[in-house]
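Only one chain is given next, in structure tokens, and it is the form predicted alone.
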């Protein structure tokens, strides 16, 4: 039985099937990106970065979205993606009669991968919601873009190559859910979305197939809960 406020070390497809239908208020996911690795030349000093890209080049099966839709009360989802995935995701949600936005994360200090391409300084987020799903938040949380560094500190601290900014994730949570709602991240990685849910007084469920990242996420969750208790005292 899947419980709230826990992360599970399991494949997302299997984990999602265990959820009750119409039980999730909001989904935030950072699935594998679809990348054209052949156009990326490894620059000196950035071999590790390029190797990380190689692990993410194939994207993810859109059948995951079919499963997620059956578990959400109404379609309400943020999906981090590469440029090559934007069209297929927009087409998918257009066929579901959803409203959508394309949000962006702009990096101030991107890696210098410039071999016949623009700098990799922008990542994309597809936000789709079914008609009738309300958008909350305020002037400060509802910008369609977020600007920051590339999270080198968090990458080193938590050992995850594609960690996302906690503040931006928290904006998604504030804009698209209410306190006490259930947030799902089935590609939980190092647990950024789950920490954001704790900070914003939401329930959460996470799935992460990688044992190392699962353990890192558990530590981050414990730290976030402890900090929350400290603030209350």
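Fair warning: this is a prediction, and the values are worked out from it, not measured in the lab. Numbering follows the first chain given and starts at 1.
Heads up, the form predicted together with a small molecule isn't pictured, but that's what we're talking about next.
Residue contact with the small molecule in the predicted complex: residue 218 places no heavy atom within 4.5 Å of it. Among heavy atoms of residue 200, none comes within 4.5 Å of the small molecule in the predicted complex. Not displayed here, the small molecule is kept clear of residue 23 by more than 4.5 Å at the level of heavy atoms in the predicted complex. Using a 4.5 angstroms threshold between heavy atoms, residue 164 counts as touching the small molecule in the predicted complex.
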